[in-house]
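Before any questions on binding or motion, here is one chain by itself as structure tokens, the form predicted on its own.
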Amino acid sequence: MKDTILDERTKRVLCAVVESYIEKPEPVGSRYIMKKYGFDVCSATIRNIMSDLEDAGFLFQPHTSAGRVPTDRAYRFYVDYIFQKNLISQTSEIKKFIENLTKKLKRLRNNMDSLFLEATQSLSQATKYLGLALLPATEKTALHRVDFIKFKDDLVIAVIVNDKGIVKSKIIRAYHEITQKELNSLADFVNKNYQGKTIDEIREDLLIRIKQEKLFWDKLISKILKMCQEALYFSKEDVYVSGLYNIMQLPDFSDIEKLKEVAKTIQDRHLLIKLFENISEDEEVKVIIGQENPIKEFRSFSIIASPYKEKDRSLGVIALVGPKRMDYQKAIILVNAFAKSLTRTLSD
């Protein structure tokens, strides 16, 4: 039995099982489905359909006498089905929530830390899942200004402010004799020549200048330019995660071992960045269910993610991570709305 040859009644039965299990994580029986969803056939017919769906890999039966539980394949069918049938719609409650959120985000647009903290916390509180946000990669944002502060001996603190108001600082090495006056001049040079250019563009230009200076100018200038390039190098993006306490309330994570697994996974920033690195290229909401995830650590979860942008430029990702028994309709609506709100806020 393939997805493409499921008749409409079988599709309705499968969706009913998925929705029932999302609502209450207990094996779903044929009699319950028949009564709740008003099927005009007897429970034996529903039971036969469910048995066929089990043979096809959409459902499984934990015990002989129990009802059925959806598999990853069932959740994937369900998500594709509600998209295809355009069954995803906002309730008045969700609309009001999104309107209030948009107003909050606009008030916070000059404070990126508060903006993304509010976004992930609100997303988590509305769903009881983990709210995540991948901030704009530093290299893709434009420089607002840079300052160099002599720290001690040959150490200098570089403070970078990008066009999103995100402040980055790092300690770099310089030559012993460098003075604060020279550092101020270097900062003036960078701010005058590169303000408004992306960090990637600046580093490329500096690399060209370094090669030229090696050939034609003093080695000291080459050292200064190298120092400047090092100041503008950042190894990873920032990730905001909110809602570990919220998912503790879900029956899916009542097992302490499962909860430990979640906590361990979201603490690994490298894993989170790897998870989102391709999503920012997508145009709309992406749903990744269980075994579909190329990263094995996330195969126990479902992920709803969407890129947010500044005009046409992709900046980062906003997402929900939760159990496979997730309320997909609500999660998709909210992630899509949050991404659009962030896009509007950052583009204004």
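Residue numbers run from 1 along the displayed sequence. What you are looking at is a predicted structure, and each value in this text was computed from that prediction instead of being measured.
Below, we refer to the form predicted together with the DNA, which is not included among the displayed structures.
Glu284: touches the DNA in the predicted complex, heavy atom cutoff 4.5 angstroms
No.
Looking in the predicted complex, any heavy atom of Gln61 within 4.5 Å of the DNA?
Yes, contact at 4.5 Å.
Does Ser302 reach the DNA in the predicted complex, with heavy atoms at most 4.5 Å apart?
Because no heavy atom of Ser302 falls inside 4.5 Å of the DNA in the predicted complex, the answer is no.
May I ask you to state whether Val321 is within 4.5 Å of the DNA in the predicted complex, using heavy atom distances?
Val321: no, not in contact with the DNA in the predicted complex.
Judged by heavy atoms and a 4.5 Å cut-off, are Met112, Leu135 and Thr141 together in contact with the DNA in the predicted complex?
Checking in the predicted complex: none of Met112, Leu135 and Thr141 is within 4.5 Å of the DNA.
Heavy atom within 4.5 Å of the DNA in the predicted complex: which residues of 31-53 qualify?
Sequence-ordered list: Asp40, Val41, Cys42, Ala44, Thr45, Arg47, Asn48, Met50, Ser51.
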